[in-house]
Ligand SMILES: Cc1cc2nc3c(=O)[nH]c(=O)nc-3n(C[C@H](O)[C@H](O)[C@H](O)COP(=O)(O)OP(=O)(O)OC[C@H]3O[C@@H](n4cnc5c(N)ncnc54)[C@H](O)[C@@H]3O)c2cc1C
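Just one chain is shown here, as C-alpha cells, and it is the form predicted on its own.
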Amino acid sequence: MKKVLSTVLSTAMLLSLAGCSSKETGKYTAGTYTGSGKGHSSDVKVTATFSASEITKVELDVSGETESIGGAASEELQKQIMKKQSSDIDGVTGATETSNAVKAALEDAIAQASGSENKEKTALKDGTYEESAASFGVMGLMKGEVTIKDNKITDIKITEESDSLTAQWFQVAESKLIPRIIEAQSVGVDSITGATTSSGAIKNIVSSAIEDAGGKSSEWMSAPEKSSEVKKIDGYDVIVVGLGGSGLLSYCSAAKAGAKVFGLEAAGEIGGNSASVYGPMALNSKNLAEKYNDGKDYINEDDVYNTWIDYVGTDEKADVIKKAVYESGSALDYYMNNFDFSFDGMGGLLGSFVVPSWDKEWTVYTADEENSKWYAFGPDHTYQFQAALDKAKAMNDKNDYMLELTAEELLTDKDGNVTGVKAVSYDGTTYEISGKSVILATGGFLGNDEMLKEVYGSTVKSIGDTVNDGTGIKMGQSVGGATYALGTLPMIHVSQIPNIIRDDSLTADQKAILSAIATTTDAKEIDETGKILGTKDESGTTNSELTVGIAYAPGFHYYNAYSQEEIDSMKKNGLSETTAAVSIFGLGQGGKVPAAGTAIEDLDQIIDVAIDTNNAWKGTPEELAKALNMDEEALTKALGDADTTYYLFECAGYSYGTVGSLDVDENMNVLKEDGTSIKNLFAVGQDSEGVCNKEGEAYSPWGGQAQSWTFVSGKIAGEAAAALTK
C-alpha cells in the first residue's frame, strides 16, 4: 500500500536528524553503511551509500516483514529517502512499524557515515502523553498514556482498545510487552509472538509519546542484547511442537498414556487459532447425547462418511477420514471425561453448510462462566485449554512446557533418525530438547507469504494466527516427509474490504455501507485479470468458486463493479434488498447498513475515503486496467463501455488458516513419498489436515470439521507417540 501517512504519525515524528542538510560538503565519510531497526516482525536493514555530501543509493531489506505490510511499502520508502536525503520521511500508511524501523535504520547508517554513532539521546520533557495508533481491532484506534520522567519511560497504560473483542491476544501483549519496554527503556524489544499487531500498536503509542516529549523515537530503538547460551534438555518421551488446540490435546493424551511430555509454543499464550472458534464437529458424542438427546445418537455417521468421500473424490485416505468421522464424538468424550472440557448444545449457532439435515453435528465451547465473554469468532474458552494443560502437566513430575520458545529444526542422529527439537527462546537462549518422538502441531502456513505464493500463486488476507508459518511442514519435509493436498484452499471465513479502516475518517455506519457495497453479491464481479467471475476457459474451468458467499477467485479477491449511473442511483434510491441484507461476519466495522431504499447522500465521501485507502478505484476501463494491472480488453468487455466511468470496490477473502499439510497415516505418523512412515514423527491439526481434503478445492465444509480434527488427531497422535516408549 503506497498512500502517505497523514494522521497516524505525528508531525514531530517526522523531524530529520538535526543539521542533516544533504548539501553540506564534507558532511559524510564516503562509503556504504548498513543500519538496522526493529520492524513489525523482523529486523529491518537499510544499506545506504554516501558521497561526501549526500546519499547516492539506498537499499532496504524488509524480507522478514509481512509482504502485504512492509514488503509493499519498500519501494515507496526508498523513493522518500532519496528525495528527502534524510530520515525526514512520511512513511507509508498501514506500515507504521516498518516505516519507523526504516527511519531508525537510516539514522543508524547516517550516524555511522557522519561519525556520530555514540550520540546521547535527545532530552525528553517530563509529563504524561496521550497517544493513539492503529491496531488489530476494527472498532477504532488503540489509545494509551505514556508517562515520562527524568528521561525515562516510567509507565504505560492502554486506556482504550478493541483488539480484545477478537481474541485474548491483546491481554498477552499488554501483560508481557509493557514491562519489557519499561525494563529495557526501548521500543526495540521484540513484539510478543502471536500478538504482533497489538504489540506494534503499543510500541507506536510509546514512540509517539517520545516524539511529543521532544525526543526522537529512533533513538529508542536499540534492541536488548540476546543470550547466546545453549541449554540441553533430555529425558522426554514425547515432544510436542506447538500448543494450539491440536498440540495441547496431543500433550494431554500423551501424558494420560503415561509418557513424559515436553511442549513448546512460539506464541506468548496457548490455544492458537483454537482459542477463538465456536467449537468442533461432534458426531454422536455420548456425553452430549445423554445431556441433550435422551442418550440417543443424533446423526447418521455413515451419511457423513459417504458424503465426505464423495466430496474429496477418492478413497485414498478413506482410513483417515473414517477416523475423522467415527471418532469425532468419542474423542470429545475422552477429553470431557479426562480433562474437563465442556460444550453446550448440539448444532451450535450454525448448522451444516452443505447438508441442512445435519442440524446437530456441531457443538459450541462453554464460555468462561466468570465473565461469559464471547469473541468475534466464539466464546472465551482458553481457560479450558489451560486447565487441561495444567492437569496433564501434573501427571508426571518431568512434564513441562515453555511459551515464547520457537522450534527451528528437528534434531537427528547420524542415520537421519529424529531425536528431538532445536528451539530458540524470545531471549535468545537456544534449547536442544531430546525425546523419543516428536509431534508437529504448528498450525499450517498462513503466516508464510513466500510459502503461500509458492502453493497458491498469491498471498491471502489473514484473520488467523500468523505465528503458523509452515515450520512444522518444513521440519517434516526436512527428514523426508511428504505432503498431501498441500494446495487445498485456505479456510476463508470472511469477505471484507482489503484495508480495514480503523480511524475516524468514516463513521461506523459509513464503514458498514462501504463493506456492504464491496461484498454484496448484487453487483458485477470482476476477477483480478479483468474478467467477469464465472468466465470459463477453453477447458470449461471457471475462474472462480463461490462457497457460502466467500470468493475463491484468483488471488483470493475480486472487485464489485458499478457504473456512475448505479452510484448515482444509490445516492438517491439507496441500496438494493440484497446489499442492505449483507452480513459482515467477523470483521464488521461496528455500524449498521441502512434499510433498502434509504438514500445515501454521503456516498461520495465514503467513496473518496475508499479510494484514499486503496479499497476502491474510479476511472474508465483503460485507467482502471492500468491502475490494477488488468487486461484492458477483458475489463472493457466485462464493464461494457470504454468511455464510461466505473467504480471498482475490492472484496478480499480473509483466511483463518491453511489446510494442506504433511501426509500422515491413520496413526498420524508422517509418511515419506514411498508411503512408508517415519515411526517417531507425527503431525496433527493443520499440519496434517490435508489428508481430509482435496487438492485445489475448498476444505470439507461441514461446520466445525477443522476443530474436530484437532481433537481426533491430537488424541490419536498422543497415544501413538506414548506407545513408542513402552
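Note that this is a predicted model, so its numbers are computed, not measured. Sequential numbering from 1, following the sequence displayed.
Below: the form predicted in complex with this ligand, not depicted.
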Practice item. Examine residue 253 and determine whether its closest non-hydrogen atom to this ligand in the predicted bound form is within 4.5 angstroms. Key: no
Exercise for review: Please check if residue 343 has a heavy atom lying within 4.5 Å of any heavy atom of this ligand in the predicted bound form.
Suggested key: no
Exercise for review: May I ask you to check whether residue 530 falls inside a 4.5 Å heavy atom distance of this ligand in the predicted bound form?
Suggested key: no
Check your understanding: Can any non-hydrogen atom of residue 490 be found within 4.5 angstroms of this ligand in the predicted bound form?
Key -> no
**Study point:** One residue of 86, 579, 406, 114 in contact with this ligand, assessed in the predicted bound form (non-hydrogen atom, 4.5 angstroms)
**Key:** 406
Exercise for review: Note which of 218, 199, 99, 468 lies within 4.5 Å of this ligand in the predicted bound form, where distance is taken over heavy atoms; exactly one does.
Suggested key: 468
Review point. So, 242, 276 and 707: all three within 4.5 Å of this ligand in the predicted bound form by heavy atoms, or not?
Key: yes
Exercise for review: Report the stretch among 410-418, 316-324, 459-467, 174-182 that approaches this ligand in the predicted bound form to within 4.5 Å, counting heavy atoms only.
Suggested key: 459-467
Review point. Within 434-463, which residues have a heavy atom closer than or equal to 4.5 Å from this ligand in the predicted bound form?
Key: 441, 442, 443, 463
